[in-house]
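Two forms of a single protein chain come next, each set out by itself as structure tokens; they are called structure 1 and structure 2.
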Structure 1
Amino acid sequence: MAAHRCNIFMLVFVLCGLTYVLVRAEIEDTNHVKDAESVAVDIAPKANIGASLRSTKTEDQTQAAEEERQWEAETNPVDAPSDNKADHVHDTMQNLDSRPAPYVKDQTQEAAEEERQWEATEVKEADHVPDTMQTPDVPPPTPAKDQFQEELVIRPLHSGDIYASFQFRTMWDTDFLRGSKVSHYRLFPKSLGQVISKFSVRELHISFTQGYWRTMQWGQPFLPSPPGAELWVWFQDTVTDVDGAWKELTNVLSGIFCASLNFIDSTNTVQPSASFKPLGLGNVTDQRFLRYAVLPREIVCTENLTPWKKLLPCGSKAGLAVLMKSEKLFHSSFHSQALHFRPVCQDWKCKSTVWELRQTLNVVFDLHTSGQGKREWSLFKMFSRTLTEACPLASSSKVYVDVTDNPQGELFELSPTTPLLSQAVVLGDRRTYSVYDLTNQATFGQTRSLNMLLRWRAAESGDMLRPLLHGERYVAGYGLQTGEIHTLMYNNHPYRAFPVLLLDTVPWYLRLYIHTLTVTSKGRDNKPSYIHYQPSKDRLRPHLLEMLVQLPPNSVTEVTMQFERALLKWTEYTPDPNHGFYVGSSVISALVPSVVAMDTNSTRECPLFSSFFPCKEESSYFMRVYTEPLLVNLPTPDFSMPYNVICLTCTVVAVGYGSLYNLLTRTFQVEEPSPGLAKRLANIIRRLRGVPLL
């Protein structure tokens, strides 16, 4: 009974507590409503106050409405002309605001409000400021200057493959360099903004690439990147400990992108003296604030793509990012995702600076590996999805299809057709594109879905392309003691020679013989005009070699250098040492002669894929080329021998010591032999009879 009474008391106590909470919440809601009504009454216009006073004094509502309209007509005469346009606009806005709002909204207004739900809160509040609060002395609040643009470029290749390039650009209008703390992030990702402001980063360039770009078959990409992971950063000149900031930054970026960037240390980090100049504003020449590293063995997977997509304002829920399906992107011949952060000009006068975050994703779909029998492509076949809408936060959302080589439609057929055409100078050549504007609802048609179809008509072309600048790299020699690195640079221009800057980064366990360095062009020695070499230190830093070489027209320049393989400690080998050790790609930078005049105005509105590298001259454009990474075998001990030794030792110990221990610790006892069957039967009978046993 006592237990039942206790349960009843507890139940009554709980019910009383719930009743008290509900009554208290109801009282607070009532107080909030009263406060809101009092605030609304206080900020109401004078006309509404006069109308409410007259409505309280009169009992007839029709008569009060008539008096209110007469009073408004007297205070705001329509026939009085105004010479000031600002006063006229202000009076017109007051007349529009003084009209009573309808009680029931039509469907058009509801749809408009649903479309405006993605707008910023600052703009929304500015639109609802009462006219009595607006004075000529106080200017209206300026709209947010952050912008977001997205583009997709589709280029049919001569080999029958399809090259798709995604471009996302976010403009961040803030100034965190002067020590001001940034607390509001509208479109720019907060996780990345906090890292950049904490480590005082001026430029950040990172890429994750799976596969190698086949220049002789596909031509030049819009944004080149080497296989694996590449990271190069320019720090502010206020950073005192650059190496410490670099180490912390790589660890933080490793966590953001779920990559192995934490393996970047002093053994694979270099400080170039001439390569990798800033791509943004600021003529920074102090190379102490530059760090460059590459991990050629980094594997790109879905875990790297997911955090990359989360940095977009709309994520992968709307816009062009809905096409990024992991199982389709990674089932391709080439896949590369990159992120670039730099300062750029806000307008053509360049009086103010904004920060640009550009996210790019390049993918090449192979006709044969995709398992398609027909030579036709569509958005659904490439990405298993179609486009239904643009990102609501994007000021521009377009899809470009390269139709330069298909002026009359004899090479391929593109559907649905679009009347919008655009021309842009890309990599020194003028290209023509069909443009699909996703911000225009007419682009999606009646089905409200865009699925572009590209059907080839001509046969597949097996001819190799001849890009103006191309590079190759391989290892020669035999045995596991010495070898030779060969780097080939092709200049396919028929009559123009131009200089190139070659950057080579070689690990410390390949000991270079710098006195064997040779540079030949057309069978003759080609003396570099600039050489910067930093020797390696065992287990501390790699080799760094930079050269400025003049490439003759229509020639192949070969750079060779011998090396010796080092013998590592047994703890320094990878889990699969017989696979080999990777050496990063060589980097070739050059100003290549252009066929058409280049646009030097970087602030002019143009497609994103044609405005990444800054252009200072109309007669040339900047190009960066990466060679293949090297796979080098090192002297590898027989790691199975320790296993054999351990097994043999354990066997000897088990047999020898085990037998001796058995003999020393075992106790021996004498046991009598067991009696025969006849004797046992006789004992059983004698036991039954009570006779003593035998």
Structure 2
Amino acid sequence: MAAHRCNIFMLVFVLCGLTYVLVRAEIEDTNHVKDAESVAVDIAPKANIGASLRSTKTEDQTQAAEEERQWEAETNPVDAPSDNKADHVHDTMQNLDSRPAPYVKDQTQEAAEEERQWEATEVKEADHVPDTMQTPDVPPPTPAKDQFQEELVIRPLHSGDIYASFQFRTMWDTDFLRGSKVSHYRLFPKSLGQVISKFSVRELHISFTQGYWRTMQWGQPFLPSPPGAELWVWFQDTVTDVDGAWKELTNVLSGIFCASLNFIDSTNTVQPSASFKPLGLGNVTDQRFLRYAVLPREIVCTENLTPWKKLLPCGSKAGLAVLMKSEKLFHSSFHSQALHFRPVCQDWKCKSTVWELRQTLNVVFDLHTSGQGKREWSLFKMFSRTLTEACPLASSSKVYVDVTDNPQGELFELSPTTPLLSQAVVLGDRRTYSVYDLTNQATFGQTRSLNMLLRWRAAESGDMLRPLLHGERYVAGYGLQTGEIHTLMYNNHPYRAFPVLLLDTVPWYLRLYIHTLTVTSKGRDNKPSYIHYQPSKDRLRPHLLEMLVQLPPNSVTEVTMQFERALLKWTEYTPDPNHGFYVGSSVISALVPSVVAMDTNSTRECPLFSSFFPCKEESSYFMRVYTEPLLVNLPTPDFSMPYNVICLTCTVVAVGYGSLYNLLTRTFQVEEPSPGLAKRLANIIRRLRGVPLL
């Protein structure tokens, strides 16, 4: 009993943790742009040691403004208030400590740096002024209820590949739930808005992915997604027939995105109890309103990209979206496009909510196939286009290049150089980005086009920090009767254990023997503190297994389950039964200890006051990892010509023989028509009298 209660407490605790992080992440997002800007300006003085830190005359006004902004961000009520500041201070100090040597050595470089910094402030000023001057005609002068931002992040990966991530965000302060009254659409796509209001959708997350994210080579993606199509939706709590709405919604989305989402039915839909909590605002966490489905077999190609691009306010005519040329996007190692719709806070006070539509597209370009082995990247080489303008409708349009591993330019050379730097904490790691602001004409230079060039200097890029969490899955055993699903979860953190939520959805035709479920780590039994299992029903619903498992530090946890392969009815086989049947990825959701917090090396030079307590702020972050889908062969009849002939012959023989046998053995009787009422009465009377019947 006590243990049971303990489990519940544990679960509640973890759920609280998850929601806390989600809400935090969300609020951080809303403040992200401000934050980034403030840091961008903040970092410029930091870099410049030669010049006095905060005494430059020209800087003063912006500085004041920035400080105000920063203060806003820091006094965020939900967020831990002092951490950002502490972090910044920490950072500044670190820079102070680590940077001087090269600067002192190289005077020219210092000069360059100074110039750079000056540019930064200039740009910043120029940025602010024309922002209102340049584009007064496009957006209405009244406070716009909707706004649009676009962003491209380019991260050179350690494997030599390059990762490009587009994010487009449309925010709209409207009420979709008033039914059909929302009729005036400006930036928000109308086709989607109508769907959302019709089906009372509170949150919608859909992703189409071609390929598998190689965590061990590429690190963590900004937005994880499983191979194939994934769709999960939270409905408003006013919806009564959730299943009906879900069915219709999938069919409509199938039309919008030109995808086979109409194959989502009850056999592959589940309602996870803990793994997929709302990412937006709201306090409804009753899983009755959640539907989750994965189609691992879905193939993503241009016909999915085109409708996705059409949802953007500028389409693919202007802005970052001009880069999305499908022949290049699909000539890559990994392609994932997604759409997330959710309610978020309007401002930091969070008095009202706005709807956020976030469209993301992630691509990884392969060094070997597209680069021909030359370690050199440019926008043109990647996308066969260059940037010439921002989307005129966008309030901000930026390109970020991850230069964290390249502070002195020793790893690769980036041209044209940009004065702006930005720091952000992404997935528990502090990253530095070079920022190109497309709303500023100076970014494009004389050629009127921006074509970033990234040339690797070092032949071998340094070792990547091993991802703290990753998963793997495979089918063990041989033969077509039984098998065993193995899920491996790696915790690479050297000394911290953390709990993970594992979600497994297995189709009904693999009959899981749940009594064979074992969870072992480091050779010992690891008892999950929470298990939610919903058995399958043949042809109706899949198995759903959710577990909360504690992963010991520096270990591999193995979850195994045996299953039996069902024999399907002959109409249930796919047209290519010998290809095998797919089992969707399992989902590992976790609060992972941060990489930043992992550094407890006290010998490192950092101020004493900053390093006594391990910093709490980024001590863990939310992460979701998808394992690879499985391809399982089921016992398949021989659907070949002889098989068909046998079936046909048997049918003919059965029908022929059956009817003949019927004819031969049946005794025929002539049935007399039933007598009328008068006759029957007469017969009754006659029977009473003992006279022969009529």
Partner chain sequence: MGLLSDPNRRRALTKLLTRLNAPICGMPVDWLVKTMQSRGLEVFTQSFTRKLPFPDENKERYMVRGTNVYGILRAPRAPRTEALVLSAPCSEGNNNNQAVGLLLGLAQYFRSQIHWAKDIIFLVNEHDLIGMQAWLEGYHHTNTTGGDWSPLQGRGGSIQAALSLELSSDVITSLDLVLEGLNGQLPNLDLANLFYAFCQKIGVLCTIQGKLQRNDWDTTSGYSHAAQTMMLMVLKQASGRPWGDHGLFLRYHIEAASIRGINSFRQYKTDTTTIGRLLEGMYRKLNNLLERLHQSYFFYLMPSLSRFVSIGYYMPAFGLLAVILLLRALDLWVQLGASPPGTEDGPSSPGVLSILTPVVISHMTGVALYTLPILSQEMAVQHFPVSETEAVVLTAIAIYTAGLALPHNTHRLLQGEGTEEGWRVLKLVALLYLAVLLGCTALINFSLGFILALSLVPIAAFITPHTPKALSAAIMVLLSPGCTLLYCVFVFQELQETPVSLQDGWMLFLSVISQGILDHALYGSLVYPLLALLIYPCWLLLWNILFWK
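From a predicted model like this one, the values you see are computed outputs, not experimental measurements. Numbering for residues begins at 1 and runs along the sequence of structure 1. In this text, rigid core is short for the largest set of C-alphas that superpose within 1.5 Å between two forms.
- Both panels show the same chain in isolation, but it is structure 1 that comes from the form predicted alone.
- The two forms, fitted on the rigid core, differ between the two structures by less than 2 Å at the CA of Phe639.
- With both forms fitted on their core, the C-alpha atom of Thr649 sits 6.5 Å from where it sits in the other form; this compares the forms between the two structures.
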